[in-house]
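First comes one chain, alone, set out as structure tokens in the form predicted alone.
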Amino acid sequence: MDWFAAGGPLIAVRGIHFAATAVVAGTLVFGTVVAKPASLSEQPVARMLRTQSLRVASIALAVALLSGAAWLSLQAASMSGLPLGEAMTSQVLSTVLNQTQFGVVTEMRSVLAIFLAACLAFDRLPMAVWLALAAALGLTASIAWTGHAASTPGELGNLHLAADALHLVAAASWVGGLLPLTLLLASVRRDAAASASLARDATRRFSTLGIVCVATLVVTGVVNAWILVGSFHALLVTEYGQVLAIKLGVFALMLAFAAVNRFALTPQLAAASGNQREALQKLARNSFVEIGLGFAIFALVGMLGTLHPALHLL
């Protein structure tokens, strides 16, 4: 009961929704800027990656839609002050959807998700691929309007929203892209000698994408922390600050694994020592660990959204 009273279900649903949305966006970004350029000369691999990416994005979108509906239900119960069962009426849901910012944003994001599903269904059309990517990034960025950034007033609020939206897109592109990267590495391991160049090219391209994403995360994270935390003291003594500190620690651990992948394992794919298969195995393992750490960060973000910002408590 304590878990329910402390908002445990809302935290869990938010975390699942963030992770699923990130996987959709990250998978489509990966397919556009990593997989497609890296596999142009290997058509069978390109077809396999396309089918694989479509399946991953479709499943993740379904999870995002279901978790989004659960999030709306829990939010309606919280806003109305009613038990969940009693809040599931057309009157309460209509009020939340039409008379709150969260509800309006949820409606817009639902339309965007349905449009994205339609684009995925017609993915063989070149225009549909680009529209799907745009819709996925929009679906991710719009999460900013459901959190603390949407409550920050004035010009500072505009800066906060822009920083939060960019933060979300960068996180989705990096963490969400790790899943298709891991699947690619697992696929080419079956024929490491023939596919080592493909794996090396894809990993290097993803590393470049990761550097851009990490730089964006650092800059926008500093902006968000300045607005919501305000001081190193608040980072240490408030619940919001302590959860944020844990998130930063997990982020640092992710960076360590990414550095090992980029600077220690990727060069081994170009070596003629016959260690390509071992390097591929370690790359896939480290990427899988990164995925777990990334999902832990999404869970922490789900918790942060339910806490009062540290700056407001001092």
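Residue numbers run from 1 along the displayed sequence. Everything quoted here is computed from the prediction, not taken from an experiment.
Missing here is the form predicted together with ligand HEM; even so, the following discussion is about that form.
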**Prompt:** Any idea which of 114-122, 168-176, 128-136, 203-211 reaches within 4.5 Å of ligand HEM in the model of the complex, heavy atoms considered?
**Reply:** 168-176
**Fill in**
Of V237, M108, M88, V218, the only residue with a heavy atom within 4.5 Å of ligand HEM in the model of the complex is V218
**Item:** L49, heavy atom within 4.5 angstroms of ligand HEM in the model of the complex
**Value:** no
**Request:** Indicate whether V301 is a 4.5 Å heavy atom neighbour of ligand HEM in the model of the complex.
**Result:** yes
**Asked** Does ligand HEM get within 4.5 angstroms of any non-hydrogen atom of F251 in the model of the complex?
**Response** yes
**Request:** Using a 4.5 Å heavy atom cut-off, state whether K247 contacts ligand HEM in the model of the complex.
**Result:** yes
**Prompt:** Do all of A144, H148 and A225 end up near ligand HEM in the model of the complex, with near meaning a heavy atom within 4.5 Å?
**Reply:** yes
